[in-house]
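Subsequent text provides structure tokens for two forms of one protein chain, presented individually as structure 1 and structure 2.
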Structure 1
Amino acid sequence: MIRFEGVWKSFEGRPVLKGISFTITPGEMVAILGKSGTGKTVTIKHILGLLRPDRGRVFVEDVDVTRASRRTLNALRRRFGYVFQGAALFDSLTVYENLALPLKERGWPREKRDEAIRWALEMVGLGGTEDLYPAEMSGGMRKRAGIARAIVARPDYLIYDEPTSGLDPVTADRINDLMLYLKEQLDVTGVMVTHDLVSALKVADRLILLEEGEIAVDIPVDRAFEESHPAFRAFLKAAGLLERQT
């Protein structure tokens, strides 16, 4: 469970989050939407304790992230898998070596690492690619490898940062299918930051729209086309989804 309680955050006197409150329940996938600069990434950083709020509190289960020690935060972060927008693979390392990094950090022995890496690559459809370098892979393959690295240590929570950014529509849909598959197979609690409403509607259970630092919309996915908030309707229209409903 992840819970925000009246979180405020400003930078150089400019408010970015204005008292937001929401709860993500165990096993739920929530997509956080919004235009650039509305606080999506800032929200994610609060979950991981990378930022502390000016006011309010953030909890992950029974851990008060806003008051936790460095040691507690480090232990908590190991329970998260993070999928970076650009995959963030090290070009000088093979796929195997990229996936091994978080496992070495945890002190896993070689045999256990090998088993975990084979499992993660099979889960994302990249079995047998251990010896490839990122430059030898397509954009979609690199994205899958980034997801494999995020799940290799069997996290309790997954955070996706713009998971379909920079991908063509066909490849993006394959990544959506993969995220949906992992959601069903791993039973993790997930947060997706995205501009891609098509992706959010396919993968998430719930949609949160941030508008000028506040939560404008917080709805289950199956109510998306009933929502009347102008900012949310603008997202639907920009994605070409309103036309599909008529």
Structure 2
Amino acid sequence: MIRFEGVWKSFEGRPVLKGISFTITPGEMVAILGKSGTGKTVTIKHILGLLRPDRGRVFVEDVDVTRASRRTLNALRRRFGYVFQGAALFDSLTVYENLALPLKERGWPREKRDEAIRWALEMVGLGGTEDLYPAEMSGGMRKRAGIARAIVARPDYLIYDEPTSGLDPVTADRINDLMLYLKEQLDVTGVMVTHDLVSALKVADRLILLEEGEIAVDIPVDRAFEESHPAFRAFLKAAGLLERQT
């Protein structure tokens, strides 16, 4: 369970989040939508204490992330996978080493590591790229390697920051299927930030629309087409999904 309680955050006096509250229940996948620059990335960076709120609290299960000790926080972090918007692969390490790092940190033995790495790369369609450096890969490949690194340790929670942006539609759909699989078969709880409404509708259970630092819409995915909030409808319309319904 992940819970935000009235989270405020500003940068240099400019408010970005204005009292965000929501809860993600176990096994649920929530998609956060919103225009570029509305604070989606800022929101999810609060979950693992990468950013600290000016006001409000963030809970993961019963841990108050905003006050937890570093030891508690690190134990918690190891149960998460985090896909960064720009992949954030370590430039000085190969794909294999990038994936091995979190496993080594957890003390996994070599054989178990190799098997997990093979599995994760296979899942994102990057089998055979173990020895490449990030600079030798395309943007979409890096993104997928970032996803592989996030899932390699079989986390209980996943945070995806635009997992399908920059991917071709076929690969994007493969990633959607992967996210579904992780949610349904491995029971992962998660949150995805995305502009890709098709992906959100396919994978998420709930949609949250962020606007001007506030939650404008928070609805189950099957009510998406009944929602009347203009900003949300604008999203549907821009994705070309509105005509089909009405």
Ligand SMILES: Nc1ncnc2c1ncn2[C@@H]1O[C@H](COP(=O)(O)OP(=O)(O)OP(=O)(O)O)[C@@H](O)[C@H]1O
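Basically, rigid core = biggest C-alpha set you can superpose within 1.5 Å across the two forms. Only a predicted model underlies this, so the values are computations on that prediction, with no experimental measurement involved. Sequence positions of structure 1, starting at 1, serve as the residue numbers.
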Which of the two shown is the form predicted alone: 1
Two-part rigid split between structures 1 and 2: residue 91, residue 44 together: no
Relative rotation of the two rigid parts between structures 1 and 2, taken as the smaller one's turn in degrees: 19
C-alpha positional change at residue 133 between structures 1 and 2 - rigid core reference, Å: 6.8
